[in-house]
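Just the one chain here, the form predicted on its own, laid out as structure tokens.
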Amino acid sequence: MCRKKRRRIILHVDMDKFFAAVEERENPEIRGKPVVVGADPKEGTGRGVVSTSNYEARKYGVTSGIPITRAWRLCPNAVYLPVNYSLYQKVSARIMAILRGYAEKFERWGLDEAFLDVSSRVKNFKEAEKLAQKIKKEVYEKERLTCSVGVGPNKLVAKICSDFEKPDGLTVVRAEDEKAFLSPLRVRKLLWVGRKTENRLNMMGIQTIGDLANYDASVLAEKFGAGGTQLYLMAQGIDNSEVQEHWERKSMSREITFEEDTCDSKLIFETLDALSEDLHHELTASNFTFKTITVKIRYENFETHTHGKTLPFFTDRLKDIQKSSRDLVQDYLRSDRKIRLIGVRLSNLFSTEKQTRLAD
């Protein structure tokens, strides 16, 4: 006898501009003003990047990941605040505890996102929608923060749904409606489709998820390898990945695109130090040490290189991040080649709760 396939209902909860929202909650006087959380702009001469910004700042073009100098030029009257990871960690822990209580299976994604498998908690998508509304209400009542929730038949669709109507949104897509929902969306909306992949797909005449779903799967496999098959399946709305109870963070990274391509080694090293300092804040606030560090370099012609090394010990010291990243980037500094982007990634992470943390 054939066993009926288990129907799944997955929620993806995404806090709205989490860092900035927490800062506004803690400092009511800045509500309604553009708020930028990240590096110190130093009146337009600072180094580093924007970690996040609120919706008022985004109206001026200030978005996550842009250089803090660009943010200052776009919106000099914004409220600029340093990243307070320890505060965000505490707030996140309370929110995740709320979400975990609603789920059959729970998977945390960073500080401000989570997947909830509620398949055994609700009978249908109508009940799932009511459950999502209940979650949103409890989070707001207890933390005075809004979140956007996506409800779908799998993680892929739920994740896209949560981003569909922000802030404070709720989007529900049933299994029978997923192809119609996905079809008109830009291919960039798919998980794991970055700018580079999007550009390659666009050059093939693929603009929307619907275009991708109707493309020849064999050609996609030829162009992208195993990733091409995965792209084709995602465009069909197919995602069988489970919500994992135990999610283990693998890495953390920062990167920045220079305002102008540069071969100025002083500027490059200063930027590396700023990225390293930002990473160090997150590393220590998240109670991690690292053992492997990798730098990423993209030249003006978009040629991209990565180079890493594994240290003989676990560490969370800022000087280890800065010295290692400077050493790794040396081979890529040539006076005749301008650099467009630089990045730093820490991996091989280990929780400091399981070892004695090295002091700076």
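From 1 onward, residues are counted along the sequence shown. Here the rigid core means the biggest group of C-alpha atoms that line up within 1.5 Å when the two forms are laid on top of each other. Just so we're clear, the structure is a prediction, and the values are computed from it rather than from any experiment.
Unshown form predicted in complex with the DNA; subsequent notes refer to it.
The candidate site formed by K17, N84 and L318 is entirely out of contact with the DNA in the model of the complex, as no residue has a non-hydrogen atom within 4.5 angstroms of it. Contact annotation: of the candidates Y215, F181, W72, W109, the single residue with a non-hydrogen atom within 4.5 angstroms of the DNA in the model of the complex is W109.
Site annotation in the model of the complex: the residue of V139, L267, M252, A285 reaching within 4.5 Å of the DNA with a heavy atom is M252. Residue contact check for K338: none of its heavy atoms lie within 4.5 Å of the DNA in the model of the complex.
Among residues of the shown chain, A226 is one whose heavy atoms approach the DNA to within 4.5 Å in the model of the complex.
Though the partner is left out of this view, L190 does reach within 4.5 Å of the DNA in the model of the complex, counting heavy atoms only. In the model of the complex, none of the heavy atoms of V243 sits within 4.5 Å of a heavy atom of the DNA.
You can rule out all but one of 55-63, 25-33, 318-326, 287-295: in the model of the complex, only 287-295 has residues with a heavy atom within 4.5 Å of the DNA. Heavy atoms closer than or equal to 4.5 Å to the DNA in the model of the complex belong, across 154-179, to one residue only: K159. Residue displacement note: T292 has its CA displaced by at least 2 Å between this form and the one not shown (rigid core superposed). Taking the rigid core as fixed, one finds a CA shift for E282 of 2 Å or more between this form and the one not shown. Core-aligned CA deviation for R70 between this form and the one not shown: less than 2 Å.
Panel note: the distance between the CA atoms of I256 and Y85 is smaller in the model of the complex than in this form, the difference being 3 Å or more. Relative to the shown form, the CA atoms of E282 and T146 are pushed 3 Å or more farther apart in the model of the complex.
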